[in-house]
Each structure stands twice: as C-alpha cells, then as structure tokens.
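Consider the single chain below, provided in structure tokens and representing the form predicted alone.
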Amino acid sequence: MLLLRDFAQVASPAGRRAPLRGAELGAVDVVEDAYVLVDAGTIADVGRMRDLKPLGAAVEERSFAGRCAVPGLVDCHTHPAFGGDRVEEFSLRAGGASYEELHAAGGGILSTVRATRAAGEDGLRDAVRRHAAWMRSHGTTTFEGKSGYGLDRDTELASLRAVRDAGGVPTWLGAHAVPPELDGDADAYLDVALAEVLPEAAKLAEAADVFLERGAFDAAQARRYLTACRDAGLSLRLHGDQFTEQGAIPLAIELGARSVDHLEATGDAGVRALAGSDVVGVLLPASALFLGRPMPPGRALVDAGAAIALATDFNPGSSFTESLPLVCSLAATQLKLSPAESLAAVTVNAAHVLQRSDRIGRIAPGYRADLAILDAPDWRYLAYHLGERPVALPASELA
C-alpha cells in the first residue's frame, strides 16, 4: 500500500457518471490538506489528513506538502506518428499562406506523408515514444494516437503499432487525405484502404477516424468508410466542421460515433443537434489558435447541454503542442469555460471518448491510481498559469 499525503488539495470531477454535461461539468470535489491511499495500483481512499486512521508499518508514505493532485490528464485527440516537421510551412503561413492553400499546393498533410513513409517503422516508433514523453511531462497519462500520415498499408499499420507500443490508444485515421499517387481520387483510395488495410488495422486499432472536410472526404465517402469500420468492430470518430460545415455532426449522430472533433465552423443548428445527442464534441482550441481560425463554440455547447472534451490535436502542421494545461488555459480565456469545466473535459469526459471513464479520469475509490501532481498550491493553476508546465510528477511514477 502507498499513502500519498499532505496534499494542499486533491481535486476531481464530482460524481460517477460520464460524460458530464451542463452544471455537472463544473462540479469538482476538492479536499483540502488531503491524502490518497493506494492499494495495488487502485485508489482505496481519499480524505482529509485529520481523518486519516493508523495504517500500520507496511504502508509506504510520500509527502506532497504544498502541492495538488488532479486526475492524470487524458488527451483524446493526437497525431503523434509522423516523420519530419513542418517548420518551413509554419514560416510560410506566418507570411500569409492559408492552411488550405498549402494543402492544395502539395504541402500540409501530404508533405508529412512523404516524411512519414521515409521514416520507416523504427523511426515511427522512436517518434511516438518521444512525443509520448513530451505529453507525460505535461501531465498526460493516457493519450489517443492516430495514424493517417502513411496512407499506405505498411505505414498505416506501422503507425498503429508504434502508438500501441508507446502505451497509447490507437485510432486508424485511414481517411485523412488522398495519397499523392492517386491524384485526388478519394473513392479509389477508399477502395484500397478498406480492402487492404482495414482487416489488419481492425486488429490493432480501437477506433476509426475520418477527415470530413472540403478537399478531403465528403459525407457520402465518410459514411462508407465509417460504416465499414464499424462493421469491422471499431468505434467511430470524425474530424468535422474545422473549416466548413459539411454534415459531420448529423453523420456522427446517425452512426453513433464516440465524438466529432474540431467544430470551429459549427453554427447554432450544429450546437443544438450535438446537445441533443450522445456524441461528444472534442474541442481543439490550440489548433484554432495555431491556424488563426475562429475558436469552437465551447460556451454555447456547454450551455446547450452538449457533452464536450478538450484535446491538444498534437500534430506537426496545425497544432504543434503536447500541453493539455495550455489547452485548459485557452479553454478558460478563449472558450469561456471555467477551470472546473476544463478539468472535467481533459479527464473524465476525455476518458469517456476513449471508453475508459470507469477506471481513469477521477480520483476516487475504485479508480486507477492515475494522478498528476501539480507543483502549485491550488488545482486551478492547471489553467491559470499560462504556458507553464505545472506538473511536478506524472501519475505512474508514484507506484
């Protein structure tokens, strides 16, 4: 047994349900001068130090005076399996080139496809491990990782293996873009991907994802891809409403997807539709900031009753950040979410998207001892300290 003691605060989303919505999204249980008792990797008890009963000599103790504990952060949307970088593209965009213009000129996703194919499986494995370590240093203890920068059988499968072997939750983003050798023929690409890649991808991945957007895949193509993936046993995710509304939210609802992610272009009708559904809206404010795009309507979604999560969208081209604390700061300052709502969105609700909310995302008895220790006197520093890395110790190093 392990006693983590003397915390200034232990903060966790309240309740036991997932996902949290409305007023429940902002409910946080905060215990002052607190302890967490861990038994064989599982939380046995949480309470105030003054209520702690004698535990005997067999208990290892660690003191965290002046620090706070929150649940280990969950990043439910990342793209860590890539080769190379896009620093030249970043410079061009700073000079006025748009993301869509760069994509149409052979840059964007396709430039990373070339570098990712060249990296090989060993290179991808090294890259994902490096990126996962970056995430952990910012308090992320569970991350989803997408393929989608290979767009051929061998590189897509190598990407999924690299995510799995780094401890991530693999998602097959087989419909991210049309590879250059097929000259924009999305239907021909789906023929190949579904026939040659899906049977093996379904053995490695937990979910499938599609980029439903002008210049990528339309709603009919996305429906075809997602239906085949669902039939193969994968849960469903969508990139949608990033630049334009192309029917992603209605399709996500129709197919029972776990989430629809981005939503920078979502209007009032989309907000209402999502609020009336079981689909989680995953908001990616760092991507909107990086590209100079409008922010997703986070406050409107929460007020309408939608379930939301927050994620980094870590990738080399449109959101080169691994920091969920930074995302929480953006949620507070740009999306007008409270620190409490942001905490739930990067813990229990993000865990729900990954079908893990029964064991991670809260600091409560019966949950995994998955904590992030903040080197701060108040748990709200997670969002308050802009650009700082507040995490003193990620969870799994405790046990």
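Nothing here was measured: the structure is a model prediction, and the numbers come from that model. We number the residues from 1 along the sequence you see.
In what follows, reference is made to the form predicted together with N-(iminomethyl)-L-glutamic acid (NIG), a form of this protein that is not presented.
- Just one listed stretch, out of 76-84, 244-252, 302-310, 126-134, contacts N-(iminomethyl)-L-glutamic acid (NIG) in the model of the complex at the 4.5 Å heavy atom level, and that stretch is 76-84.
- Although the partner is absent from this view, residue 329 stays clear of N-(iminomethyl)-L-glutamic acid (NIG) in the model of the complex, with no non-hydrogen atom inside 4.5 angstroms.
- Although the partner is absent here, residue 315 lies within 4.5 Å of N-(iminomethyl)-L-glutamic acid (NIG) in the model of the complex, judged by heavy atoms.
- In the model of the complex, N-(iminomethyl)-L-glutamic acid (NIG) stays beyond 4.5 Å of every heavy atom belonging to residue 143.
- In the model of the complex, residue 239 approaches N-(iminomethyl)-L-glutamic acid (NIG) with a heavy atom inside 4.5 Å.
- Between the options 169, 166, 109, 158, the residue in contact with N-(iminomethyl)-L-glutamic acid (NIG) in the model of the complex by a heavy atom within 4.5 angstroms is 109.
- Heavy atoms closer than or equal to 4.5 Å to N-(iminomethyl)-L-glutamic acid (NIG) in the model of the complex belong, across 140-162, to one residue only: 149.
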